[in-house]
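Only one chain is shown below, in C-alpha cells, and it's the form predicted alone.
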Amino acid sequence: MYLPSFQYLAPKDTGELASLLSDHGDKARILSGGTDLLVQMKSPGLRPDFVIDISGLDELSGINFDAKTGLVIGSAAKLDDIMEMPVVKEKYFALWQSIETIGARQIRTMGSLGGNICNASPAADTPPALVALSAEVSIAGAKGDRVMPVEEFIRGNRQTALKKGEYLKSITLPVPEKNSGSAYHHFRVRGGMEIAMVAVAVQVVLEKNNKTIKDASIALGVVGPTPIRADDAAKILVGQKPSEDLLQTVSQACADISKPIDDFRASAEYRKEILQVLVEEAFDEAYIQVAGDSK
C-alpha cells in the first residue's frame, strides 16, 4: 500500500491550473484534500504521472453567501469549513447533514466538497443533498466556463462531465424559498464510519398556512450509479397536506424508480424497503422545520 511515483505540481493560479490540465490531460489528477485520491492511488489501477495540488488556490477555496444569489462554494473548500458556516446549517440543512456523515473530523478537515463530487462515487453523501437543493456546478478551463446541475455533472460510477483541460470551479446553491426546510437521511449497517447503503435528501416548501406543500424535491442516493432526482414522486406532494397514505404513495414511487444492486451488504429488495422508510423520515424532518410538530 505505497504511493506510486508521480510528479507533484502546484499551480500559482487558476490560469496555470487550466494550462497544466490541458497539457497533461488524462495523465494528471487534481489533488485537493487527497482523502479519496491518495487512497485510490495506493490501490491497483490509478497511476497518474502528474498530481496537481489546488489546495493553495484561494480562488477555489472561498465560501460566500449572498441573500439574492445564494451560496457559492469553491471546489477546494474544506468540508469542515462549510459546516462551520452558520448559514449552511440554517438554510441548507440537508447539505450540512450530508457533510456531517462523512468520515471523522480529520477527514472533513482535509476533504473538499469538490473532491466529494468529482470522485463520483455512487455512495457519496453530498451529491443527493446538492441535487435536492437544486445546486449547480461551474466548470472552468482554457476554453471558458460552463454551468450545469449537479445531477448532469455526475455521469456514472467515477465518471463526470469534465473534459480535457477542465476543472470544477465552484458549486452554487440558490437561496431557498421562504417556508422551506430540507433534510438528508442515510442508512448504514453499523451506523459508524462506513459508506451508506441507501440515502435520501428532501426539500419542501410550504404555503403561507405552513401546512399545504407548495413545492418539493427529492433526491435518492446509493440506489443507482448516480443520484436520482425523483421529480415525479415529488410532484405527488404538491398541493397536498401530509398524511400517512400520501407519504406511502410517494415513498413507493421513489422505490419504483430506484435501481439498487445486490451485493454483500444488502439485497436490492432490502435497499428498496429501507429507501421508503428514509423518504418518509427525511420528509418529516424537512416538513417539521417549517410547520412544527403537527401535521
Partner chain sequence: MKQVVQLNINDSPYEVMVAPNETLADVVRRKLGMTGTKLGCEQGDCGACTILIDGRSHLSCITLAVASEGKEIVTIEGLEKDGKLDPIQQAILEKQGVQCGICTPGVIMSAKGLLNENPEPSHAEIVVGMSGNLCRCTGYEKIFDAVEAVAAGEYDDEKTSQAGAE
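The model shown is predicted, which means the values in this text are computed figures rather than measured ones. Positions refer to the first chain, counted from 1.
Another form exists, predicted in complex with its partner chain; not displayed. Remarks below refer to it.
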| item | value |
| --- | --- |
| Its partner chain contact at Arg105 in the predicted complex, heavy atom, 4.5 Å | yes |
| Its partner chain contact in the predicted complex: Lys241, any heavy atom under 4.5 Å | no |
| Touches its partner chain in the predicted complex: Asp80 (any heavy atom, 4.5 Å) | yes |
| 4.5 angstroms heavy atom contact with its partner chain in the predicted complex for Glu90 | no |
| Option from 37-45, 225-233, 22-30, 65-73 whose residues, in the predicted complex, bring a heavy atom within 4.5 Å of its partner chain | 37-45 |
| Candidate from Thr109, Gln159, Asn179, Thr212 lying within 4.5 Å of its partner chain in the predicted complex - any heavy atom | Thr109 |
